[in-house]
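First, one chain by itself in structure tokens, the form predicted alone.
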Amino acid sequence: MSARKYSEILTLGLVMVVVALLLTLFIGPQFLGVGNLQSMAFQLPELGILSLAMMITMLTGGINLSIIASANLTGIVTAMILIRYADPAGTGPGLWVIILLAMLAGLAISTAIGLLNGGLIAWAGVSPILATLGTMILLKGLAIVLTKGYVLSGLPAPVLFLGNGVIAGIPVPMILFALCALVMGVILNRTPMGVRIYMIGSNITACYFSGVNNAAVLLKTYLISGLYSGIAALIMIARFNSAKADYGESYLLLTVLASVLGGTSAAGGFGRVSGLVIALIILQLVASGLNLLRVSAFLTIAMWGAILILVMVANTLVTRYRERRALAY
């Protein structure tokens, strides 16, 4: 990792410590108490996995606006199968087979959505923002048609463990998030696929003339993004014990904010999983602190938008400063 990346990670780490200390000062020692930390550990994973799904597309210079709609449709399909065929109070291997098949069906849906996005962008040449915007609207419509706007609830107990269980004091969703972040880090930093993703984001034309199949890389990128949305959906329905067409709509802004705050360039080519994870912790600390301070949820969303604008302006100014400094030498 270059000195620049070390500097960015160190800066984010310092910001995280300062934010934690300031909020502890305002709220009191209970802010960093075991109960509140465990509560944050249950809330962060689904946003974290969705942010990983957003980040990998941003690294190619694209974006995936359909991650929330994809997650909701995945959750609805999974919940419909479980409610139809699984007895909430049932036990035995038959129940586990139904749960496994329902989850695989949900993940197949999210993967198919990722392939659709990738095909539109890589083969049809549609811009990522328009392709995923169209997919988002399509999926939201399908989700409402399937549910008629109602909440689907009453999932089997083993499914709920995925979103509310604890292993050795660590929430199960946090363990799943750590695994997802680890896999994403390996893909981006230890595989040829990761190198090609960064190359496409840095200069897609140069990447093409270096012999890379850009269409195949973009297709796989959006497939991974779709799969991660599906994993987040399984955690979401397990945590809420239900599925609905409009769950987590505020997450879309936060996934972009977490990616940009964590150092992912909106133009592509730069960004690390470690930076994203620290950014997610900062956002979770702020969200939890504002909640304890009883700040309006609507005002909080407005603040996220303001922070996103400030971070993007700051990144642009820093980039321009570095370019001018490089030219001066």
Partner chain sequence: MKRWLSYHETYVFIVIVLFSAVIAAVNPSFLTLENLFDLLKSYAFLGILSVGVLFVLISGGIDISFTAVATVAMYVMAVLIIHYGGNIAIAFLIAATIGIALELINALIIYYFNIPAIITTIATLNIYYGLLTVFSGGKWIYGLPPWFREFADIRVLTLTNEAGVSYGISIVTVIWFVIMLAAWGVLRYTVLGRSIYAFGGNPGSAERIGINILRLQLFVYGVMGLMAGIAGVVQVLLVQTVAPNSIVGKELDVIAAVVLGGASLFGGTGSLLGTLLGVALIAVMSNGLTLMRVPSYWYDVFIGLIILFSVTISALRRRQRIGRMIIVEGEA
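Residue numbers count along the first chain shown, from 1. All values derive from a computational prediction rather than experimental measurement.
The discussion below concerns the form predicted in complex with the partner chain, not included here.
Contact stretch among 236-244, 72-80, 179-187, 132-140 - heavy atom within 4.5 Å of the partner chain in the model of the complex: Contact-bearing stretch, as computed: 132-140.
Against the partner chain in the model of the complex, would residue 211 count as a contact residue? Criterion: heavy atoms within 4.5 Å. No, residue 211 is distant from the partner.
Hey, in the model of the complex, does residue 169 get a heavy atom within 4.5 angstroms of the partner chain? Judged by the heavy-atom cut-off of 4.5 Å, residue 169 is well away from the partner chain in the model of the complex.
Check whether residue 316 has any heavy atom within 4.5 Å of a heavy atom of the partner chain in the model of the complex, and answer yes or no. Output for residue 316 is yes: heavy atoms within 4.5 Å of the partner chain.
Using a 4.5 angstroms cut-off on non-hydrogen atoms, would residue 305 count as touching the partner chain in the model of the complex? Yes - in the model of the complex, heavy atoms of residue 305 and the partner chain come within 4.5 Å of each other.
Listed residue that, although the partner chain is not shown, lies within 4.5 Å of it in the model of the complex (heavy atoms), from 144, 99, 115, 199: When the partner chain is considered in the model of the complex, the option within 4.5 Å is 144.
Looking at 309, 25, 18, 10, which has any heavy atom no more than 4.5 Å from the partner chain in the model of the complex? The residue from 309, 25, 18, 10 that makes the contact is 309.
Can you tell me which bits of 36-60 touch the partner chain in the model of the complex, meaning any heavy atom within 4.5 Å? Going through 36-60 in order - heavy atoms within 4.5 Å of the partner chain in the model of the complex - there is one hit, 58.
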